[in-house]
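Consider the single chain below, provided in structure tokens and representing the form predicted alone.
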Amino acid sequence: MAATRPQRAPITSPAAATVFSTVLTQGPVSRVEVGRRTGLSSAAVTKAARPFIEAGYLEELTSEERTGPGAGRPANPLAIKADREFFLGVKITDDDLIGVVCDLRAQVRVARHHPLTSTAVPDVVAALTSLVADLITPYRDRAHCLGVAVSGDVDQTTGVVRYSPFLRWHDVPLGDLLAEATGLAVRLENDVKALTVAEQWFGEGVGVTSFALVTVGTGIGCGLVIGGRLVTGAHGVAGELGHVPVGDDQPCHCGGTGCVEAIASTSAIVARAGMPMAEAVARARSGDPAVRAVFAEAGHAIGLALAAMANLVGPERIVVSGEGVAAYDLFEEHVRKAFTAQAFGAVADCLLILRPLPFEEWARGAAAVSIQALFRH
């Protein structure tokens, strides 16, 4: 049985959602400025903000004196009360669970790891339930949502992991299993898309209408935000950059050939170099020409894929992250060279931003997905 929940954020209309999300991602900000940024009238902003203030989600800060020509009454900026509600986020890898508790602004309050000894579904559910119980204790009265980030093909609507190659899962109803085990409202999302949501609302994507987040590591992932919205596509798998074909005959786990992931993922580099990743990185940095060639080919493949994506959707910026960026110095030159050569016209000017993020940030992305659920009442 799900626990009885107290009043949630009163998002009951598009105007309410717009005002709340503006303060959440860009605040503290005055009502006048909210109106200027959203196109809403002052009366509409005031009407939308009042229930949030009454429910304890927003507060008015001390007046700011305005000076200069045209200065009027002091403004009382609206700000989020970050500790009004807390959100749990968990990133699942093939050998670890990384969990966080975030406040309403997605700031991490506590983080925990729980090693996985098995990726069998019942074992993962049991381990994740134990991790949640450990995390939630100090926040139980104000934490009702759990976001979970999983690699692969995830159906957010049904909470089903349709396919996760690294966990070797097919059609797993993980959302329902976790909701029953934890008593929390569960939001499931692909891990890269979850990280993209966190960047959109609280990172490099704030104030940007279009950007791409590309992750390099165990897989090659991509999250797209176009027109201020995360792109999922009709089947929920939009942005699968790792399976864009850029090579000839390298077999990929997806069943295709020549995929970026078959050339530039960690496992591909390890297989082609014939040694563990740490050793390959060390050998390449010491000047081993054969190993450096492996990283060069990986960088070339990534650059081609980035250019193909940028030519199609034209993002304002591309953020590159993932555990693979620890070795980015070995293929950055090749990424940029291939991207510039293949990008069409002004697309070549697209800003590439390197942003190393630990797995705790992926768990934070899962929490951000559960924060986002506030807007789907």
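We number the residues from 1 along the sequence you see. Everything quoted here is computed from the prediction, not taken from an experiment.
The same protein also exists as the form predicted in complex with another copy of the chain; that form is not shown, yet it is the one meant from here on.
Review point. Should residue 233 be counted as a contact of another copy of the chain in the predicted bound form, where contact means heavy atoms within 4.5 Å?
Key: Contact with another copy of the chain, yes.
Review point. Does residue 326 reach another copy of the chain in the predicted bound form if we count a contact as any heavy atom within 4.5 Å?
Key: No, residue 326 stays farther than 4.5 Å from another copy of the chain in the predicted bound form.
**Study point:** residue 44: touches another copy of the chain in the predicted bound form, heavy atom cutoff 4.5 angstroms
**Key:** Looking in the predicted bound form, residue contacts with another copy of the chain do not include residue 44, since no heavy atom lies within 4.5 Å.
Point to revise | Partner proximity in the predicted bound form: residue 54 to another copy of the chain, non-hydrogen atom cutoff 4.5 Å | key: Contact with another copy of the chain, no.
Review point. Taking the partner as it appears in the predicted bound form, which of 239-247, 121-129, 171-179, 101-109 has residues with heavy atoms within 4.5 Å of another copy of the chain?
Key: Correct option: 239-247.
Review point. Which residue among 34, 350, 58, 319 has a heavy atom within 4.5 angstroms of another copy of the chain in the predicted bound form?
Key: Spelling it out, the residue with a heavy atom inside the cut-off is 350.
Exercise for review: Identify, from the list 281, 226, 270, 82, the residue with a heavy atom within 4.5 Å of another copy of the chain in the predicted bound form.
Suggested key: Filtering the options by heavy-atom distance leaves 226.
Check your understanding: Taking another copy of the chain in the predicted bound form, which residues of 328-354 have any heavy atom within 4.5 Å of it?
Key -> The stretch 328-354, when checked against another copy of the chain in the predicted bound form, contributes 341, 342, 344, 346, 347, 349, 350 at the 4.5 Å heavy-atom cut-off.
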